[in-house]
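In structure tokens, the next block holds one chain alone, the form predicted on its own.
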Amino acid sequence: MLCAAVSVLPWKGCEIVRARSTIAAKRRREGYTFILPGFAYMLIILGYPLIYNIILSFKNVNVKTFASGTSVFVGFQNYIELFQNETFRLVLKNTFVFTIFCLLFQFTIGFIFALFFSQKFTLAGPIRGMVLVGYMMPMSVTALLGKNMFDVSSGVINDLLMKLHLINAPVEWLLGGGTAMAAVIAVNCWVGIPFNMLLLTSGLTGISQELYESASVDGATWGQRFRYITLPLMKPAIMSVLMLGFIYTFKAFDLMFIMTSGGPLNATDVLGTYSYTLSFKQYEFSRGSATAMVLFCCLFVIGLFYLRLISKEEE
């Protein structure tokens, strides 16, 4: 077909076309060869557990049926029982409350820090480095620090509030439903604020200073420059930060597991910790897998939404 398409060329033209086609095909095969190991690794490490988890969520596997090998296919029964379970509905609500409040505080404070550190002043670099310490620490260490800081008897939070005469007696932060959720949100924000600041700062550095100078010459105020220059040009970075922050926060596990173990009375249980409890404490493997699939589906929908936004931006 290629020769027919170039029939107007001399016979040597067909030889050149064939040679180029052969080289292109060889490069494609080389590309597939390089991709194959990574694809196989992802298929084995991620694909197999995901498929197995999906199959498990449609069966009635628990400690009894797992040992005897008598599990059967039950369809959507596990999902129906989950959504009829009051505890699961509370856990689902906790997950969204935790995620939304963390995103609200992380993004707002991170954006303020990004605007602040984008200015040139003395010690800007060292102070920004100190802010990033919270993000660089492992989450397990951060959770242990948070647990000790909010401890009712020896925690630094109660000690500081009492010295400032804001409270008269130590507050049992991790033993009350509302205060426990507020404590884990505060600790997670301590980690998430530097992450938001870092990404938003990189977005701010991509905006030309000439735009701000031109707007200043035209008499634009700081608020007008922020509204009509910073926000529109920061939209891709803002969407990336919000989507990544949602994904990282929604699948939180280690913070709650170490600080509160989901308590008190499931007040800080999220989908990740609840799935772990069902699978490895109550040995309801299928219900735990169904909970994990609900978590996966929520993140999958958010991921599709993010990809659609990106495609619209590119268009």
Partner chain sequence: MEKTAAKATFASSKEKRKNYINGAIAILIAVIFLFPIYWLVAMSFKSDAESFGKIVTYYPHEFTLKPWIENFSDAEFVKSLKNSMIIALLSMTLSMTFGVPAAYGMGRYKVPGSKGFLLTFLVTQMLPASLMLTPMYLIFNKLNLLGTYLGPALAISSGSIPFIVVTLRPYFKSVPTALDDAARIDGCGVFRSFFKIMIPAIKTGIITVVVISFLNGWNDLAYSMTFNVKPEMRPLTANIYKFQSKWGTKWNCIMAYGTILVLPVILLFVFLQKYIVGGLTAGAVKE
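Numbering follows the first chain given and starts at 1. It should be emphasised that the depicted structure is a prediction, and the values quoted were computed from it without experimental measurement. What we label the rigid core is the largest C-alpha set whose atoms superpose within 1.5 Å from one form to the other.
There is another form of the same protein, the form predicted together with the partner chain; it is not shown, and what comes next is about it.
In the predicted complex, the partner chain lies within 4.5 Å of some heavy atom of residue 193.
Looking at residue 149, you'd find a heavy atom of it within 4.5 angstroms of the partner chain in the predicted complex.
With a 4.5 Å cutoff on heavy atoms, residue 267 does not count as touching the partner chain in the predicted complex; it lies far away. Within this chain, residue 113 lines the site of the partner chain in the predicted complex, having a heavy atom no more than 4.5 Å away. A single residue from the set 138, 75, 223, 178 has any heavy atom within 4.5 angstroms of the partner chain in the predicted complex; that residue is 138.
This chain is displayed without the partner chain, yet in the predicted complex the stretch 121-129 from 210-218, 121-129, 227-235, 89-97 comes within 4.5 Å of it by heavy atoms.
For the three residues 79, 81 and 246, a heavy atom within 4.5 Å of the partner chain turns up in the predicted complex in no case. If you take 37-52 and check each residue for a heavy atom within 4.5 Å of the partner chain in the predicted complex, you get 37, 38, 39, 41, 42, 45, 46, 48, 49, 50, 52, in sequence order.
Residue displacement note: residue 296 has its CA displaced by under 2 Å between this form and the one not shown (rigid core superposed).
For residue 31, the Cα coordinates differ by 2 angstroms or more between this form and the one not shown after the core has been superposed.
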